[in-house]
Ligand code: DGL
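This document opens with one chain alone, in structure tokens, the form predicted alone.
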């Protein structure tokens, strides 16, 4: 079974793409809605909460977990992979892994795979919209410039946007927030002009991707993390068949507690009703 972990509902954007790409796989989803959003929390809290989420998914039988949260991926994932998971394996002898969504996003944005040499192809400007914590790490600019030094990367923190989506804020409220953040970035970094492309660096933001598109010229592509992550997972499972165990496409949805006001937006995106078990 494959687990998908997020700070709340945003990871369902990744989860939907994973199910579409791998319908035969068993998936269990956990949203830590009670503690969302992670983007304003101190790093040690993000790490602690992410480890707790992984433990809950391991208890459900998952041996591979997709950390479908940008904040958790850039703040906690490397330590989890290098330090925590090896200790867990020594404790019970079960091989488990956790992989994130930042690597496939950067590969899609740059056209350079993680282990290939850097290249230059004409530059441009990538705008990253993300939580304050993700922006503070500088992970996206650092990793993109390593692979494409010809690309300029600008960032815009979007305080409270993930929380507003999580709480089911009215659409006009969300539109005003997105409009404000796009204008702030363009005025501060780009002299009022639009970027060449956009990364929505929080998995909540694809739920309002149409609102971002409203504020951008129609020829500015938005790089979609869900599709990039799904393609990366398919490749990962081919290389690691020990995690590629199919048994009929079981679906389990778990939450630590959520606001019902957000369900209409979530279920509209999902395309049907979702039944969450609270843990």
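Residue numbers count along the first chain shown, from 1. Quick caveat, the model's predicted, so the values are computed rather than measured.
FYI, the form predicted in complex with D-glutamic acid isn't displayed, but the following is about it.
The partner is absent here; in the model of the complex, the one residue of 202, 76, 165, 106 having a heavy atom within 4.5 Å of D-glutamic acid is 202. Picking from 36-44, 231-239, 56-64, 208-216 the stretch near D-glutamic acid in the model of the complex, with a 4.5 Å limit on heavy atoms, gives 36-44. In sequence order, 131, 134 are the residues of 121-136 having a heavy atom within 4.5 Å of D-glutamic acid in the model of the complex; the partner itself is omitted from this view.
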